[in-house]
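Take a look at this one chain, the form predicted alone, written out in structure tokens.
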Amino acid sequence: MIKGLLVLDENLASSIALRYACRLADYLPIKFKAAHVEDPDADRQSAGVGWIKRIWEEGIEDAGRQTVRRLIQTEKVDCEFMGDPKILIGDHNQELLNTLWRDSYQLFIEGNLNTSNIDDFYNLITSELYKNSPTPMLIVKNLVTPDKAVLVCGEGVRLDVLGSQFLKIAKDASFTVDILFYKHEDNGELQYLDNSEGGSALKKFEKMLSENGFQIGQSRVISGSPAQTADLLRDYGLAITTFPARKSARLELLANIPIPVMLCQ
């Protein structure tokens, strides 16, 4: 059973992430711990010490729990949560990062609808939380059905890392999986190349997945612009790859993909 940390706020992004996560549970053996971070504007020192500070913290935690419960009740979702919501007080990224390491989660999930801007996407995935997380990071952009996933390969992708992380998460998945080996080309139309263009690395990757009992649907090598390739992937329910480099075509591709993206490292 996969132990996932699902971050929720009272907004549209969290609403979509919550509904997507519950759909994902139909295809993966996963349980979620709902988490919410309260980062008060007021100086925490103003809360005083001792029992005054404890009462202040209890009030903040109760407000956070009510936020999460309202969202879950409003969405009327049917998925399994592990106990009460985890309410954290302090810096958003640092508190979540500490929780991921301390409680040994295997997947992090949050909604983020503003990722089509390349700079915004890059700033998100290079934050302290994303850079230092011990788990794959799932960014939910839109509400789709995760019945079909695609492993995005190509320049800068360490296929050994992608394969091992994917198998840890999806070894018991019931969704179908394709492989897309991406080659950047800004001129002309999207082209489907012979799989030999993926080189020996692609063959080894396919073999590794097969030897671990995973059946792959299509395996394709694509040449085109990031925007063209992103549009091609809109029919999938999940894209899985490794963290991209700064100013890379794959970074632009992942920013433009309109479906949830899982980043492994």
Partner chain sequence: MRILFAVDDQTYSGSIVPEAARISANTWADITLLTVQSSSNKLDENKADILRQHKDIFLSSIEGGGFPYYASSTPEDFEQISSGWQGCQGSREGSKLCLLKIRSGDTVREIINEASEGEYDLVIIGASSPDCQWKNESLDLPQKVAEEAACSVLVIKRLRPTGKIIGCLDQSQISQESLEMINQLVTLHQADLKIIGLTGPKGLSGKGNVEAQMADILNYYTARDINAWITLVEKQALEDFVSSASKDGIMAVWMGKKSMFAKLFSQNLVEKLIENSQSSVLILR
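This one's a predicted model, so the numbers in the text were calculated from it and none came from an experiment. Positions refer to the first chain, counted from 1.
We do not show the form predicted in complex with its partner chain, though everything after this point is about it.
Shown alone here, residue 128 lies farther than 4.5 Å from its partner chain in the predicted complex, counting heavy atoms only. Looking at residue 143, you'd find a heavy atom of it within 4.5 angstroms of its partner chain in the predicted complex. Proximity of residue 203 to its partner chain in the predicted complex falls outside the 4.5 Å heavy atom cutoff. Although the partner is absent here, residue 165 lies well away from its partner chain in the predicted complex, with no heavy atom inside 4.5 Å. Stretch-level contact analysis of 111 to 119, 89 to 97, 170 to 178, 149 to 157 against its partner chain in the predicted complex, using heavy atoms and a 4.5 Å limit, identifies 111 to 119.
Only one of 259, 5, 2, 263 lies close to its partner chain in the predicted complex, with a heavy atom inside 4.5 Å, and it is 259.
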